[in-house]
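Presented as structure tokens, the chain that follows is alone, the form predicted on its own.
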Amino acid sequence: MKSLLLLPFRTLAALTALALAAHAAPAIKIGFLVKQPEEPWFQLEWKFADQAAKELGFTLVKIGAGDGEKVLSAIDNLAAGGAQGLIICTPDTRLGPGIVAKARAAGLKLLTVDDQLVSANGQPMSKVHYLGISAGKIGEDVGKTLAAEMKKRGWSAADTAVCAATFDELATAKARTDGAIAALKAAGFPANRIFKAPQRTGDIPGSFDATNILLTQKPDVKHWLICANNDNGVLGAVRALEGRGFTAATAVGVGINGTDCIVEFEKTKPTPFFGSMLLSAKSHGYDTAKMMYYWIKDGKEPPLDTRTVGVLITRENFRQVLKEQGIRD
């Protein structure tokens, strides 16, 4: 002790710093896995998660995994690389029990985003931390918007029908289209004029094919209202309608996401794609990353269930709203 007191102050300070560094907590590393990394929505989630990483000083590992085998392999790789947490939008919600078991065995804190994991009996895994969309509420907003546009245009129910491009295999998707249909019925639209077009795949081609079948069955409809679980579902239906001669004057579609329809809004001539409920990619990327960071760093556990809502964007306001949301400069 006496010898330490005889050391110069600078030397003593340097030794103290070294001692503190030796006992410092390991650097925080968080994995962020998405099912379709090429899609604009997931690119935005990663963009905002990157912002959180830069602000808070942790390492973000971005992973794209389109099937269960890649998901489980990614969890192993994250654990081997020293990660302490995983944020995931799984390609298949039925992988829930396997993902939870794998993450627990690897010592990874787990936070699911966008799509909620389901158990072996198909029920939501409510004990797994989740940040997602208030699917039913957003669907209702779509239905209300479609009903308002129909009224504004003076279309009669006798000449109008609803095309609901559905993808009921995914619970979140079903909740969205169910919400839109419920809102249309609540607005007085006749139930016998609402037609479902079940998609085999949850993308533009899947919706295109499903809508073409419906249009062949209902050739006498003069005006169409279109809803789906996302922008791509509405875009596929719009392409099918355009192939049958429908235009922005005879059909109205409202999507969900707000990120896959920007090119549509930028077209010189309006199309039947009227609007979209823009979801908060910033909440789903930045907020989840921030939650995970403080969970690891301070033991501050996030809420088990957090839900976000959307805002309507159209050709008239999308540039301003995207700027306000930090999506575009």
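Residue indices: 1-based, along the sequence shown. Just so it is clear, the structure is predicted and the values come from calculations on it, not from any experiment.
In what follows, reference is made to the form predicted together with a small molecule, a form of this protein that is not presented.
Just one of Ala197, Leu86, Ile133, Leu146 comes within 4.5 Å of the small molecule in the predicted bound form, counting any heavy atom, and that one is Ile133. Screening Phe265, Trp295, Phe58, Trp41 for any heavy atom within 4.5 Å of the small molecule in the predicted bound form leaves a single hit, Trp41. Residues Gln51, Thr288 and Gln325 are none of them found to lie within 4.5 Å of the small molecule in the predicted bound form, as judged by heavy atom distances. Stretch 113 to 121 is the answer when you ask which of 74 to 82, 113 to 121, 183 to 191, 210 to 218 has residues with heavy atoms within 4.5 Å of the small molecule in the predicted bound form. Taking non-hydrogen atoms only, Lys62 never approaches the small molecule to within 4.5 angstroms in the predicted bound form. Looking at Leu279, you'd find a heavy atom of it within 4.5 angstroms of the small molecule in the predicted bound form. Remark: Asn230 counts among the residues lining the small molecule in the predicted bound form, judged by a heavy atom distance of 4.5 Å or less. The closest non-hydrogen atom of Thr177 lies beyond 4.5 Å of the small molecule in the predicted bound form.
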